[in-house]
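First, one chain by itself: the form predicted on its own, in structure tokens.
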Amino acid sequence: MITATNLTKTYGVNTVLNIDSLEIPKGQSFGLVGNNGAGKTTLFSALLDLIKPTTGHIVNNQIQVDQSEAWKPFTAAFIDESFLIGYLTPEEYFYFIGELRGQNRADVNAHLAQFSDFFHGEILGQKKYLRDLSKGNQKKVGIVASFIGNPEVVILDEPFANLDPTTQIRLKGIIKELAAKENVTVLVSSHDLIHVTEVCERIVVLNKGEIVKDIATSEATLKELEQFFAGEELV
């Protein structure tokens, strides 16, 4: 489904991404972990054609992302608050995204009704602009908007950050349900090792832009990751 080949990103003399080869099959729930500066957001940004690789390329469902926009109709993402439109209310933003994805208001309303517990009465009907919401509530809007139109690829960068524990638990259930769908590929980056091991069937560790671990998730995965980041094994 998604492949990265000879992918690098360099700023001046600093190489922030250096991946020889990475393949993510269709339908996989894929986790990306690493310390600050490891290259996680850079990789996702390249995948979404937000930045141009220095070398190499990424292919999404047989489409090279920096050569064509044909991948956009089946790919959705929420990276950070810059994806939102601050002067819109949540409802206006959801309808805007729905229109882009061929959904009418009834479709969008039916979609939003599935997330009433996740919204916890703090999003819809509040008569607030997105710019006036808390970071956590902005994140809720961005995450749910990324699901509109039944995309085949969903990319979420640090989705658990700024969310309270109850919302984090609800989000894990949402991601698990999404990942259980046969044809949906879910990519999640997170600093929280517990969350990512619970929702992803495969985890890749980036260190200084390079892949240093590629793990099929098992009962031993969390301990292995904790030992790695504690420095109890060599990089």
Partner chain sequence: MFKRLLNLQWKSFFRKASFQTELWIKILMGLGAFFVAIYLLGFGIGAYFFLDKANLGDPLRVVNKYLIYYWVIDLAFRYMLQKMPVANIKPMLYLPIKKSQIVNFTLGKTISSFFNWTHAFFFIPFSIILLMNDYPFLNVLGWHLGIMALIYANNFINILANNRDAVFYSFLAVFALLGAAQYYSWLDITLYTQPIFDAFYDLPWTAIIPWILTIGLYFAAFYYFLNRMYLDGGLAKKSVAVNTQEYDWLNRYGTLGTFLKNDIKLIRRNKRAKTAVLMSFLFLFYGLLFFTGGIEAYDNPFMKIFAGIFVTGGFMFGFGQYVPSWDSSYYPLMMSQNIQYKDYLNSKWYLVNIATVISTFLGIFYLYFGWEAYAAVLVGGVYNLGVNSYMVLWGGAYVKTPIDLTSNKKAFGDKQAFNAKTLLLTLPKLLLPIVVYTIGHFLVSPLIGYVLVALTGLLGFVFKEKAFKMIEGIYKKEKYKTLLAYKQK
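Residue numbers count along the first chain shown, from 1. Predicted model, so just to flag it, every value in this text is computed and none were measured.
The protein also exists as the form predicted in complex with the partner chain; that form is not presented, and the subsequent description refers to it.
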Is there any non-hydrogen atom of Tyr93 lying within 4.5 Å of the partner chain in the predicted complex? yes
Looking at the partner-bound form in the predicted complex, is Ser82 within 4.5 Å of the partner chain by any heavy atom? yes
Can you tell me if Asn137 lies within 4.5 angstroms of the partner chain in the predicted complex, counting non-hydrogen atoms only? no
Although the partner chain is absent from this view, report whether Trp71 comes within 4.5 Å of it in the predicted complex, heavy atoms only. yes
Which residue, Glu201, Asp192, Asp66, Glu210, has a heavy atom that falls within 4.5 Å of the partner chain in the predicted complex? Asp66
Does any residue in 104-141 get within 4.5 Å of the partner chain in the predicted complex, counting heavy atoms only, and if so which ones? Arg105, Lys127, Lys128, Tyr129, Arg131, Asp132
